[in-house]
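Only one chain is given next, in structure tokens, and it is the form predicted alone.
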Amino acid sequence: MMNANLPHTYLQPILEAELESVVGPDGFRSVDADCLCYSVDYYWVPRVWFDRDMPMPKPQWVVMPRTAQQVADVLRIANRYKLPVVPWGGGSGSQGGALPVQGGIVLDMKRMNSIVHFDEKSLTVTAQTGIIQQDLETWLQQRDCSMMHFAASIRSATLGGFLAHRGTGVLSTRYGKIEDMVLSLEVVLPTGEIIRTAPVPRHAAGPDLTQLFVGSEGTLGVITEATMKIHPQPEARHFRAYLFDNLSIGLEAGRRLMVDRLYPSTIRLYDAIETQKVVKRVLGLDVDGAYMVVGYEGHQVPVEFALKRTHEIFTELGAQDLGEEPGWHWWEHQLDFYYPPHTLDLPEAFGTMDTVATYDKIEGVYLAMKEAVEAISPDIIFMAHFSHWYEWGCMMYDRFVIKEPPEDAAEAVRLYNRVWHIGIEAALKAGGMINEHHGIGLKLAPFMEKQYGPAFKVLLELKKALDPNGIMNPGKLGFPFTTRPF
């Protein structure tokens, strides 16, 4: 298949020979069947498109580098031919952030999976970013350490994927998100230069370049190596479950824990619908109200104090103490929510909007989104849980489900996009941020300028300066698509 970006058929075999010379024959793919594997991630739209046998946007070439130098060489070639390049980790993203919608080159990073250095004294680990997060975590646990980054996609997502979209794990309320764990990066710039950011994140030597690339979704460069802080295994770990009369009281309970600086490892609060439909189905717990799991870990004495104080606060708010057993049951089955047979899947249409706001706005955001989404059709269910908490606010993992979307793929996608636009507009109007940890990708790109206003120009100018030919993951994060034909 000839790529329309190339002005003459003579150039395609020359380009392919160049790419193969960089990564070797075993690291280069151009067969349609191989390229088709990179046309679908966990974003619902390409999945339904594929399910209905519609044409899929595929890359023309897949390259699988082993070193940062190989990445740099590939990017230099891509710049010369002005070809799109899309970095690919585990393919588990839900926003279409790694879809090669303009063809070109997919840079599959999974062969860059080495652990480079383990510093027992500083408690850091340096790894190539193509490593699957579960493999890194298993390696660390064998040394009685942990990164404490337990995300739902831990078994399939790469370290680089988490860095690319600011991923979060279930213990983030204590240990932070991925951007709180990263110390420094090796990055290949779009024009092929290899750089390293400052070796520590706390310094006064100008802006923190590390955080410039974290969350950039492959649009400003390719993160090839990262140094992450790690933690010893805790002396004590406890979970306890509570039931609140309604979501409003549950939100106040979680806020009280955070503003009292009790530093739980986990607060997981489910609204009434998720308590009845999701908690019951996955955990087998049949209760009405707002279900919450609270976890603490660390040294035994402060953990015991925090548990006691939590119980006092929750008792004041009228909570029903369900004990430790359902809390531990949640911990042991936390990933079950996201895998068959419990995960949302076709033929249903579904989406996770993922909103974050300060405490004075978060309940209003929930109510506004729920009202707006459910007004579209009585067949749409809106539900949420609140899973990542801060001293100033929390994240709402809000989801919608359309039980019977239209059979026609175009009609189904039209309805799906309508739900997204109406829901996100309601979130913005109520004071929410459009995303907390799933990333922007294609799905939320149209809202970036509205979210940032005039400040979005700063991001555009950074993109233009670092990627003058616009080759890196075009169209994602609200940045322009390439103007060249494809």
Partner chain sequence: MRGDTVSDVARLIVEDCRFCPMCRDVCTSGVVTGLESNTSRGYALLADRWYTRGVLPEGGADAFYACMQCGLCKATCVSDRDLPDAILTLRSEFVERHMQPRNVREARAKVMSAQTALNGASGISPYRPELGGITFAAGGLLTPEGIGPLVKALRALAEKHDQPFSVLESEIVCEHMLFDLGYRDDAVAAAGRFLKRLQESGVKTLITACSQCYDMYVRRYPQWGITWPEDVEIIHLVMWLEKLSLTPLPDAAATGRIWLYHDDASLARWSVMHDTPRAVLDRLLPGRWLEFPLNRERAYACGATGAMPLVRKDIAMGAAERLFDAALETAAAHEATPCIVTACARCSDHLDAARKALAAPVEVRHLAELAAGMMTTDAEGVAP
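Numbering follows the first chain given and starts at 1. Here the structure is a predicted model, which means the values were calculated and not measured.
Beyond what is shown, the protein has a form predicted in complex with its partner chain; the following relates to that form.
For its partner chain in the model of the complex, the listed stretch (451 to 459, 431 to 439, 417 to 425, 24 to 32) containing residues with heavy atoms inside 4.5 Å is 24 to 32. The three residues Ser114, Gly167 and Pro468 each lack any heavy atom within 4.5 Å of its partner chain in the model of the complex.
Under a 4.5 angstroms non-hydrogen atom cutoff, its partner chain in the model of the complex lacks Asp288 among its neighbouring residues.
In the model of the complex, none of the heavy atoms of Leu444 sits within 4.5 Å of a heavy atom of its partner chain. Proximity of Ser92 to its partner chain in the model of the complex falls within the 4.5 Å heavy atom cutoff. In the model of the complex, its partner chain sits within 4.5 Å of a heavy atom of Pro341. Contact annotation: of the candidates Gln300, Gln320, Gln134, Ser248, the single residue with a non-hydrogen atom within 4.5 angstroms of its partner chain in the model of the complex is Gln134. Of the residues given (Glu374, Glu324, Asp260, Asp345), Asp345 alone sits with a heavy atom within 4.5 Å of its partner chain in the model of the complex. Of the residues in 28 to 57, those that come within 4.5 Å of its partner chain in the model of the complex through at least one heavy atom are, in sequence order, Arg29, Val31, Asp32, Ala33, Asp34, Leu36, Cys37, Tyr38, Val40, Asp41, Tyr42, Arg47, Phe50, Asp53, Met54, Met56.
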